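Take a look at this one chain, the form predicted alone, written out in structure tokens.
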């Protein structure tokens, strides 16, 4: 008897037919995030195409009425081991409607050890984002977190799981540190030198780079989910509801309600904590490069999208004595897609990538 999970696609979730569309260059980037999955690819007119999918799912009662309703609404679902599962963005919406928590294939930046269905769900989501390789052995760079400094966790298993998943989809997988992707995407005009910080749902990842090479990389086990959990706890609500409030349009410069004040307080604490850890690493790490000129600190990732984020960062930074001169503190123009774009830059430059 096979131990492979049984998966049946619902009518709305059947794999979409592959459209002709523009011709795509070989090489893809994949942002493997706790909250979102993003893919990046470039066509022969140098347009970058980004696809985004919420990295979540929810199981619901399987019956004819629910199946017909979801099909009519065009909601993605699969039947996995006799359970009806809604995947991606609709799962998040349904969780808010029914005041339930979404299930996450990933937790704290890595594949979740508590989710038995994590691997088949991730395979479905990644396959939808990437589609088939444009040519045999196409390179796909996928983001991985750096080793966390405040939590016992090893990325080897997580890295191997996604490498195997991508290889089975027909790709030549290459891992790249998440914050290193930020450096590739946002610091090209600075000779890829500076500090990239990727603010994700599960972790904040930091990379100090000198001329493309990472000199210091680490992550902290605090991210957007940490904010959601703490806000939910003090307000007596579900984490999914706290996340929805956070994404609704809060401005950290002007919190107006009790809920927004709670979000502001935990954001400030997370920013303060991250900056302090960067400062400590600069002061204690050996072999840190000597930067001849002041460098930029650039933030990216979905957790940095909230209003007033960079103003709070600058305010907290002004309160500490940083060990090296900083030229500018800024946020990526499109923080959500930065990691996928950086992974795509690495894939396009890889000499192993086939040329058509």
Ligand SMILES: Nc1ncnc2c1ncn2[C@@H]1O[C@H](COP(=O)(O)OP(=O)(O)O)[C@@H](O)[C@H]1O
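This one's a predicted model, so the numbers in the text were calculated from it and none came from an experiment. Residue numbers count along the first chain shown, from 1.
The form predicted together with this ligand exists for this protein as well; it is not shown, and the discussion that follows is about that form.
From the list 291 to 299, 317 to 325, 304 to 312, 22 to 30, the contact stretch for this ligand in the model of the complex under a 4.5 Å heavy atom rule is 304 to 312. This ligand is not shown here, and in the model of the complex it never comes within 4.5 Å of any heavy atom of residue 138. In the model of the complex, this ligand sits within 4.5 Å of a heavy atom belonging to residue 243. None of the heavy atoms of residue 162 is located within 4.5 Å of this ligand in the model of the complex. Proximity of residue 199 to this ligand in the model of the complex: non-hydrogen atoms within 4.5 Å are present. Among 267, 171, 184, 218, the residue placing a heavy atom within 4.5 Å of this ligand in the model of the complex is 267. Residues are counted as partner-facing when one of their heavy atoms sits within 4.5 Å of this ligand in the model of the complex; in 321 to 348 only 336 qualifies.
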